[in-house]
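Here you get one chain, nothing else, as structure tokens; it is the form predicted on its own.
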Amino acid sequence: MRTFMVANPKGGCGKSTLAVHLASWFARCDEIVYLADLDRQKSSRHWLQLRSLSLPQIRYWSLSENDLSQPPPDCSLAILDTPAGLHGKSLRKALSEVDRVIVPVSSSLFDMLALQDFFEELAEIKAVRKDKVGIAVVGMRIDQRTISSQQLIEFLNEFDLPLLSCIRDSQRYVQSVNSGTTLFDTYSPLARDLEEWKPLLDWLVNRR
């Protein structure tokens, strides 16, 4: 059983979009997927309630930030959509329960300022220092041709964290999520979209 956490201390960075797409992709790969939504807005849970029963099943895992119990026994893969402002004891507890952390980021100055303290805190946590928990950074709504994307890469280099992939800004994400689906649920996902997701999916599948 593997557990992945999607985390960023700032809201509005694409955590839920990332979490539901990962849940959808792994469900289509015949994993028994549980999705936990620790955020107060419960965006992932609302999305799950819209999801058609004809699509690959994603189960809801009821958790609270202060009660990170083990996933149900039939779970083969769990995904945690975490709240903004996750830090301190709650962050350390979460990291002790997960295998991988995916950090969605944008190229805005405000996102980078919010992430600076978060990355420094991660670096001080024992599980991360001992490489027991893998960390990946994914750019959300980013055009890699822009100056701001290069500034983001330079910022991440300060923490020795590579930008694993960039997911472009597209209305396809908005339209799919609003109907309880993802791009992976369509019969003809664009090759460009699959190419953007491939580095992250390969990294998550690789068990080291």
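Note that residue numbering begins at 1 and tracks the sequence as displayed. The structure displayed is predicted, hence computed values, not measured ones.
The following text describes the form predicted in complex with a small molecule, which does not appear among the structures shown.
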Let me know the one among R45, R59, R141, R51 whose heavy atoms come within 4.5 Å of the small molecule in the predicted complex, would you?
R141
Quick one: of S170, S69, S179, T146, which gets a non-hydrogen atom within 4.5 angstroms of the small molecule in the predicted complex?
S170
Contact stretch among 51 to 59, 162 to 170, 22 to 30, 147 to 155 - heavy atom within 4.5 Å of the small molecule in the predicted complex:
162 to 170
Touches the small molecule in the predicted complex: P199 (any heavy atom, 4.5 Å)
no
